[in-house]
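Only one chain is given next, in structure tokens, and it is the form predicted alone.
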Amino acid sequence: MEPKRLIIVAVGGQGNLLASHVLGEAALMSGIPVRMSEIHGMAQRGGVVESALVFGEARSTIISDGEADLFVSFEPCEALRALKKCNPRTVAITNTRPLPPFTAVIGRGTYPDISEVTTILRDKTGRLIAFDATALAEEAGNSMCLNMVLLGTLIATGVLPITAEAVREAIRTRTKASFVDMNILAFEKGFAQAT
């Protein structure tokens, strides 16, 4: 298959790495070659966490500026920070619920207006799916299921040749047994959001 390049950006603690591992597992179950890399130096202090996944025959996980076919953001400002990875054909998915950085919380910075953020994202990508994914995670039982909501939306776009059932099975094998039902419910809510 022609390689598909995915960037996932989040703030530490939002579940980016688990989402990446579940998706990678689902790809392998589907017989699709996948390569992954992660950047999470300050993740435990609320810093940036970025995952790059390349599906199909590829030699590297490096996704240069403008090369992302798919872009998923767990936080609106993180979407802006990594927007340079997108191009006019990129399918972008973003959570619209902000997680303001420390500087904004103490009044030394200003968090951007969400409608302005989504306008910028829409103008720079081919398709934007923007919604309050945290609210759907809360409906599923826990805001920490945000990652599964966004995975559901990603799979529903149909850009990746990975079935929803493969992701459900990866959720069953890669997440704690006590969270499986909640994670699958969150996945279904995200899937329905994009269809």
Partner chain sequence: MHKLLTDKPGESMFLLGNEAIARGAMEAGVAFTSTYPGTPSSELSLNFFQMSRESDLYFEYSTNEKVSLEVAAAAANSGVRSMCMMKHVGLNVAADVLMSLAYVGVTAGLVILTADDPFMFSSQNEQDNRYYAKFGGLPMMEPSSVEEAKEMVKEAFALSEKLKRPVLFRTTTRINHSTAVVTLGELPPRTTRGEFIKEPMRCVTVPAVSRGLHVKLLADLDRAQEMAENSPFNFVEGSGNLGIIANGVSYTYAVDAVRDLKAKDRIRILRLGFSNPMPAKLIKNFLASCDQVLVIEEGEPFMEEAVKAFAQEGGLTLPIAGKTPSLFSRLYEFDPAMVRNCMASFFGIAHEPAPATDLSGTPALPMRPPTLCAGCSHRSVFYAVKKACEGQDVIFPSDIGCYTLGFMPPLGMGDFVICMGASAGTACGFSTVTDKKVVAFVGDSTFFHSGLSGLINGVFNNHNFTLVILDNRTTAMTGHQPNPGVDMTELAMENYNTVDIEAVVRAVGVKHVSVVRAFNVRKTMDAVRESLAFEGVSVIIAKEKCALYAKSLKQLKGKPFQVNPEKCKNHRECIDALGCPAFYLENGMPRIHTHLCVGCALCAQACPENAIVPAKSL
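Residue numbers count along the first chain shown, from 1. Given the structure is predicted, the values throughout are model-derived calculations rather than measurements.
Just so it is clear, the following notes concern the form predicted in complex with the partner chain, a form of the same protein that is not shown.
In terms of contact with the partner chain in the model of the complex, the residue from 47, 158, 141, 126 that brings a heavy atom within 4.5 Å is 47. In the model of the complex, the partner chain lies farther than 4.5 Å from every heavy atom of residue 163. Contact check for residue 81: a heavy atom falls within 4.5 Å of the partner chain in the model of the complex. Among residues of the shown chain, residue 169 is not one whose heavy atoms approach the partner chain to within 4.5 Å in the model of the complex. Using a 4.5 angstroms limit between non-hydrogen atoms, residue 30 is distant from the partner chain in the model of the complex. Annotation for 85-99: interface residues with the partner chain in the model of the complex are 86, 99 [heavy atom within 4.5 Å].
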